[in-house]
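Shown below, as structure tokens, is a lone chain in the form predicted alone; questions about how it binds or moves come after it.
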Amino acid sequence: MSGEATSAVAPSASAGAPSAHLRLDGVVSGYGQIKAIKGISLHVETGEVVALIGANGAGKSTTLRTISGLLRPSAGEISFEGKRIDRVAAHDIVRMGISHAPEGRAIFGRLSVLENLRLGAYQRNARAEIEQDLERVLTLFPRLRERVKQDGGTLSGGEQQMLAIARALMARPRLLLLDEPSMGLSPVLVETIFRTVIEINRAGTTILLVEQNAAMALQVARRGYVLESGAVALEASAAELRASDLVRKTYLGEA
């Protein structure tokens, strides 16, 4: 499985539209007095899958939450498609073209699969396009099609992860933030989820991926960053990271 050669145009972008592009410059963010990320700088170019790997507490999820506007940085700048977004409200960031499938899935357990999916498109008004995207995500995740009337809380862990990703796609993002999509899943479902990640990217969506399963993340990513204690310890192509002694010993479990 490899996603290193993907470079499609986002399905939501018209000809001549600006490319999906994310840049963090010296971003500091966290929770109260606790600074979980300490001056992070990184970039994601159009069409890429970029992986963030690191130990628990390294600042990976905080990075995504700060990009999506759920946390406001205390220093540094974040820009998307050339526009600064670190002082933009979370719902406006979604409208600008960034969706976040969070760690823990955060689906609405008492709502049906279909209702969860429609909530992903709550800021959109073009009914025909919404129906097209609904069909697209149900084709991408056939299990969800079989369970459209079922309450989200009754789905298996793997199905809930599919629903979280599908709901994020219903916003028609140009940049998708994926936080730990394989957490708690069986090896077979992990393979299924990552095959779907590759499909999403090949269809045109740029992806910033946070993942504990470093081996799998570096198979689908083009580039990656290693975070340690809230800072970037290493940045390289996925192939170079797979060959790095630090990554092999610390994150790939190799001697």
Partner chain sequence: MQEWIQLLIDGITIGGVYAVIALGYTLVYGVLRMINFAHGELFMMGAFTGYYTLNGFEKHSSLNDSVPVLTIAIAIVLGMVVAVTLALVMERIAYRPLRRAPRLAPLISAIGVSILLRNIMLRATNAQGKVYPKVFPRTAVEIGEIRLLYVQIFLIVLSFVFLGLLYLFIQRTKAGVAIRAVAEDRDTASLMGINVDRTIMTTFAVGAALAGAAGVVYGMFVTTATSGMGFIPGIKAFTAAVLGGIGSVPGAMAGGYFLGISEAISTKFFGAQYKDVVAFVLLVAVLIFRPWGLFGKREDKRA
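Worth saying up front: this structure is predicted, and the values here are computed from it rather than measured. Residue numbers count along the first chain shown, from 1.
One more form of this protein, predicted together with the partner chain, exists but is not displayed; see below.
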Location of the partner chain contact in the predicted complex, chosen stretch of 181-189, 138-146, 74-82, 121-129 [non-hydrogen atom, 4.5 Å]: 121-129
Candidate from 134, 107, 155, 165 lying within 4.5 Å of the partner chain in the predicted complex - any heavy atom: 107
Heavy atom of each of 102, 111 and 115 within 4.5 Å of the partner chain in the predicted complex: yes
Heavy atom of residue 223 within 4.5 Å of the partner chain in the predicted complex: no
Residue 68: touches the partner chain in the predicted complex, heavy atom cutoff 4.5 angstroms: yes
Exercise: residue 176 in contact with the partner chain in the predicted complex, heavy atom 4.5 Å: no
Exercise: residue 87 in contact with the partner chain in the predicted complex, heavy atom 4.5 Å: no
Neighbours of the partner chain in the predicted complex among 140-160 [non-hydrogen atom within 4.5 angstroms]: 151
